[in-house]
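Have a look below at one chain only, the form predicted on its own, in structure tokens format.
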């Protein structure tokens, strides 16, 4: 074999090796967000949502990601809370009755930490009530990060900018904190960001260009105002793709919720055609799993144990873990 032919063959082999390596890396990154169990607000069917016991339970069970809604206090601390006010999940009416309808941004962290964020769960779920849930506090994002990093294995974080229009600049604040905590572009820490807001998605993509992002969908909101049609959905997906979204998070009508079904067959076909992974919300029953897991790549769930069973992944019982953690 002459030298020029040898060099040519060597070049071809090198290109193929690089191509195979790239495919392997892409496959690995793809698998990070497939068949994914996303603990929606922790384990709210068994513990007060977005509190320490809820997230600890989801982590110990074996969830792939801990999902949280992010808001910002008056003194600029990022906290985990779903609702726009504090009436449903705290004793705000007892401590600050004249401010019960005020948004989180009207309270300092010190004020929020005075609230009982667990007793309401015991009242709503007497069959699952535990004395240790009384007096649970609202978590900061830093405290959630500590939970995710504890125990020798880092659990992923799936973070939502909640009502970001109420917290201008929250995307930059989030970037600063996650960069400080070494969660940005760290292969050892799985991070996905999500939002319903198109404006927030644009900003998240500016700060987190290389972080997987999920565009959440809700009927009659943003692009889907007036209802989801093929044209509207196609426009939404094009916008998401242009602004860094690789995952779509549609609602579906489940046994325990009355959400609009954005997982109709033609919609699922469109999501896949546009190259999106699908992470629908929320899976709470075996019927939900049977109907929608085969159509999706990862699932938001209030019942981490249920999805782990579906995927035949072993885990301890809920009661055993709560007892081990000292929540008795």
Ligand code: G3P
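Computed from a predicted model, the values in this text were never measured in an experiment. Numbering follows the first chain given and starts at 1.
The form predicted in complex with SN-glycerol-3-phosphate (G3P) exists for this protein as well; it is not shown, and the discussion that follows is about that form.
For a residue to qualify, one of its non-hydrogen atoms must sit within 4.5 Å of SN-glycerol-3-phosphate (G3P) in the model of the complex; none of 36, 64 and 283 qualifies. Using a 4.5 angstroms limit between non-hydrogen atoms, residue 69 touches SN-glycerol-3-phosphate (G3P) in the model of the complex. Taking the partner from elsewhere, residue 303 is found to have every heavy atom lying beyond 4.5 Å of SN-glycerol-3-phosphate (G3P) in the model of the complex. Proximity of residue 196 to SN-glycerol-3-phosphate (G3P) in the model of the complex: non-hydrogen atoms within 4.5 Å are present.
When contacts are judged by a 4.5 Å heavy atom cut-off, residue 216 counts as touching SN-glycerol-3-phosphate (G3P) in the model of the complex. Here the chain stands alone, but in the model of the complex its contact with SN-glycerol-3-phosphate (G3P), taken as any heavy atom within 4.5 Å, falls in 158 to 166 among 183 to 191, 123 to 131, 158 to 166, 143 to 151. Proximity to SN-glycerol-3-phosphate (G3P) in the model of the complex, taken as a non-hydrogen atom within 4.5 angstroms, holds for one residue of 82, 172, 113, 87, which is 82.
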